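Take a look at this single chain in structure tokens; it is the form predicted alone.
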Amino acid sequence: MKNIRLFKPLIGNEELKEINKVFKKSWIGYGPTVKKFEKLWCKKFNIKHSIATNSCTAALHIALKSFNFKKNKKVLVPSITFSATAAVVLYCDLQPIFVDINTNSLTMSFEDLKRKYTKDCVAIMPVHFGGHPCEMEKIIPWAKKKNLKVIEDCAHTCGGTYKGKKLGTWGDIGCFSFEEKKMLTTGDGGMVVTNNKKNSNIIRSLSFHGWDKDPLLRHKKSSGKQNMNLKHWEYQIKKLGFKYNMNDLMASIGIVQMKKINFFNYKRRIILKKYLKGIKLCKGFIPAYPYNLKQSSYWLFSIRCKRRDHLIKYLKQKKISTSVHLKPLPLHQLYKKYKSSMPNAQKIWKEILTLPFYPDLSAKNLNYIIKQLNIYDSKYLK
């Protein structure tokens, strides 16, 4: 028996055909396919502006950078999240303030968010961790009263709806991930979305070296006899920017993957239902999230177990891949000086275990995983 993978992208001939179209054009860098992907994304999420990037980390960085906050101001981030959420705060010469998590959902605690707020805070970066929505109906009106900008980290979700509104469109800016393991993939990649034209223009400029003119639009203006006298090559660098743009190869994959996202989420819901039903009678562990499956978009299937590390070892022997998502950031050396009270995160992270979860996880493998969880529960946890 082969090891059962933890994550796996679902890609096929449709993606190869779209890549081939780009090859035939002999234009594989930043070009028209990126623009097409961005337009389709705007339509999908009913948003005015989308800027494709080479990673979600890049997306988060330039999203935060676009507000040009004064040095050493503070940004509220969850204590359990991928390192990029807090790293981009440091990239912008700001200070991360770590907010504790809810015990039942691993997402940012609204009560602790209010406790950690000070007048030096300028933004909040709620993370829909594992795909479970933050309490945006509470966070958004409170943030507006405090004049805080909200940047939604949607690296773990894509296409999910919360209280009738798409995740990623609640805040001032939303950022998505297309990394190899995520809800949809472009190999690596990300997307920034916003309804604010000013922010959009700044973000697009920051994504390509700080240029004031889009290089693709400059190229288009250079063609045609009527444009012979135009200085299409001229541009100004008004801001210190970055090489964060997506390319046409990545976008070609994204265009196909985006068309499949509803199917991906449907398949994930089916697998989640089987997982939840399969471990319902287990006494020694519980789901890490409430898993509200209606119109959901979950990236992780995680459980909480007091003997987490022993269970990991057991499942490894049974050729079942696992991981831990994630160790609280203030426990890492880089972030220790920003430590703050986070009793829930410090306790719960020691119990979290992530299990295999992807759209084409076979029924055979899923049933095998569930069987082994039940065997472990009856043998070691009762």
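The shown structure was predicted, so the numbers you read here are calculated from the model rather than taken from an experiment. Residues carry their position along the shown sequence, with the first being 1.
In what follows, reference is made to the form predicted together with a small molecule, a form of this protein that is not presented.
> So which of 81-89, 135-143, 231-239, 113-121 is the stretch with heavy atoms within 4.5 Å of the small molecule in the predicted complex?
After filtering at 4.5 Å, what remains is 81-89.
> Is it the case in the predicted complex that 56, 127 and 189 each bring at least one heavy atom within 4.5 Å of the small molecule?
Checked in the predicted complex: all three residues contact the small molecule.
> Taking the small molecule as it sits in the predicted complex, is residue 251 in contact with it (heavy atom to heavy atom, 4.5 Å or less)?
No, residue 251 stays farther than 4.5 Å from the small molecule in the predicted complex.
> At 4.5 Å between heavy atoms, is residue 63 in contact with the small molecule in the predicted complex?
No, residue 63 is distant from the partner.
> Find out whether any non-hydrogen atom of residue 172 is located within 4.5 angstroms of the small molecule in the predicted complex, and reply yes or no.
Residue 172: no, not in contact with the small molecule in the predicted complex.
> Is there a heavy atom of residue 182 lying 4.5 Å or less from a heavy atom of the small molecule in the predicted complex?
Output for residue 182 is yes: heavy atoms within 4.5 Å of the small molecule.
> Considering non-hydrogen atoms and a 4.5 Å limit, which listed residue (246, 106, 206, 155) is close to the small molecule in the predicted complex?
It is 155 that has a heavy atom within 4.5 Å of the partner.
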